[in-house]
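Here you get one chain, nothing else, as structure tokens; it is the form predicted on its own.
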């Protein structure tokens, strides 16, 4: 469902972006790399997890956002990526060192399952496999390896805790867990709370580590991972057997009410107009059609005579990507839709996919320069007129659909 119109003082403005991926870091830097005549592509790691290609994170100087080595050591890569991206967003918004503003910043994080220690897991499996009494054999590795810090590092909400500790964000905190839809719902809650007057300042986002062996195992058990040409784009993969190329990424945005931003003289990248989410079984075609109609309604508004930017967060999983293709075809009957499939470049980041897409949209609107095609099969032609509104989609690889609308701030 979409939100009702609100007074312009309650507009939800994006005033800070923290973006990291296989291409590097920074919203403007990433936009420059992707908006060139030939969009840059990060290197694909083909050997480490063969036959499954992944896109690893670019090298980061963690000390610039996580200065204490002790904090770095107690986090896994997923948490480091999230804390790092959150720090970039706070820096970009100009509130990183303002204790009064940080004390009022509400934190909403999209998270998956907490990180595991593969070596400890292997010891447990070896003990049970090699013993005649598996239950008794579990005692020693569990007592030796399951330290309190290890257990805590597996909690999904520890990312929010580490952001609060490292960056002193001490307003309310909420964590959504649940793959792609969690990233959309984190943004949706922030927008609705701003529009309803329940808050003025939010830090929202998520992160994903594509090199997690446990997550790669989980997704391959569901037959979701791509094993073919590592250069294949989202649409090409879906036209065959379907498959996901996971990409490491982190995306956080600072969102605040227009009145609050104006009072502190903050510059806005863009306005987060609305976020619509829905979910349900995909076996019932009639129910799926009704859900897609509700999502399409979020795209109605001013400027229908101008091209509608469409940053597609499709994963390459066959059913979900085919579903999104049908959604695009339906939208094209009403809008001049200019599709750009960023997952064909950056990979798929699950919980982080929607926050990263929103960050890319805000950067394009701020620079007044839309992106050239990312995928040879993007189902729309280029437009010479940069869009004033960009739809960002995140259709979950197995469940959950979402559309965010990002518009020019003015």
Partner chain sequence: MTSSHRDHLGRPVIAVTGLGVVTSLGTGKDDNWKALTAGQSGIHAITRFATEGLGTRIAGTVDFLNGTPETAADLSYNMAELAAGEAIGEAGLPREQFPGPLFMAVPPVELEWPQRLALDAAAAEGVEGIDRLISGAKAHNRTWPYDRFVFAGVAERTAETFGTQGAPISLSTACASGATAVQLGVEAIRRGDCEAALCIGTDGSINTESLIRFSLLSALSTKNDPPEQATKPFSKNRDGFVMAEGAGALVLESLDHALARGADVLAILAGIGEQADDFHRTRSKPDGSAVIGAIRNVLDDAGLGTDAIDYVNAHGTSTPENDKMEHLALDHVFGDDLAKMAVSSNKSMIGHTLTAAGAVEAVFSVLTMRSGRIPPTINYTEPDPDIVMDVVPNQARDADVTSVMSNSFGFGGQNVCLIMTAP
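This one's a predicted model, so the numbers in the text were calculated from it and none came from an experiment. Residue numbers count along the first chain shown, from 1. Definition used throughout: the rigid core is the maximal C-alpha set that superposes within 1.5 Å between two forms.
The form predicted in complex with the partner chain is left out here; the points below concern that form.
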Discussion item. On the criterion of a non-hydrogen atom at 4.5 angstroms or closer, are 165, 173 and 213 all touching the partner chain in the model of the complex?
Written reply: yes
Item to complete: Would you mind picking out the stretch of 308-316, 231-239, 189-197, 321-329 that comes within 4.5 angstroms of the partner chain in the model of the complex, counting non-hydrogen atoms?
Response: 189-197
Worksheet entry | in the model of the complex, the residue from 138, 263, 287, 297 that sits within 4.5 Å of the partner chain by heavy atoms | 138
Item to complete: Please pick, from 339, 201, 95, 169, the one residue with any non-hydrogen atom lying within 4.5 angstroms of the partner chain in the model of the complex.
Response: 169
Discussion item. Although the partner isn't part of this model, could you tell me whether residue 301 comes within 4.5 Å of the partner chain in the model of the complex, counting any heavy atom of the residue?
Written reply: no
Practice prompt. Consider residue 178 of the chain shown here, and say whether it contacts the partner chain in the model of the complex, taking contact as heavy atoms within 4.5 Å.
Written response: yes
Practice prompt. Using a 4.5 Å heavy atom cut-off, state whether residue 293 contacts the partner chain in the model of the complex.
Written response: no
Worksheet item: Does the partner chain get within 4.5 angstroms of any non-hydrogen atom of residue 71 in the model of the complex?
Response: yes
Worksheet item: Does anything in 270-298 come within 4.5 Å of the partner chain in the model of the complex by heavy atoms, and if so which residues, in order?
Response: 277, 278, 279, 280, 281
Worksheet entry | residue 130 C-alpha moves between the shown form and the other one by 2 Å or more, core aligned | yes
